[in-house]
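The data below hold one chain only, encoded as structure tokens and taken in the form predicted on its own.
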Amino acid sequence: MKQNFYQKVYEIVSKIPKGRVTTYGTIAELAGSKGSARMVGWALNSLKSQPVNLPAHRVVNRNGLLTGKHHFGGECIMSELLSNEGVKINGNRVINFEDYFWNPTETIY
């Protein structure tokens, strides 16, 4: 079950468009496990030692906070990656979060 859930997470994250963000909870719900936002984080964190090119920097918490930033090898890397894609960041939060939010249910399924 865990591996199947993780694979669903990776598939969804791979589709997040450049310049957009989505949430751990949104991904968990679409992957069939509503309320399992932390498991999404664990799934993404499990890839850090593998040469996988997923745009995990585009996944934030429900308030637009960059809660996974410490997993990117530096405090500012997640913010820099998002800023380079045109996402406005102030401190550790996406400014105007709703403008950048990507709802995968509207585009994937």
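Don't overthink the numbering: it's just position in the shown sequence, from 1. On a predicted model such as this, the values are computed, not experimentally measured, just so you know.
From this point on, the text means the form predicted in complex with the DNA, which you will not see here.
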query	finding
Exercise: residue 27 in contact with the DNA in the model of the complex, heavy atom 4.5 Å	no
Heavy atom of residue 79 within 4.5 Å of the DNA in the model of the complex	no
Residue 102 within 4.5 Å of the DNA in the model of the complex, heavy atoms	no
4.5 Å heavy atom contact, residue 83 and the DNA in the model of the complex	no
Stretch 30-44 - residues with a heavy atom within 4.5 Å of the DNA in the model of the complex	33, 35, 36, 37, 38, 39, 41, 42, 44
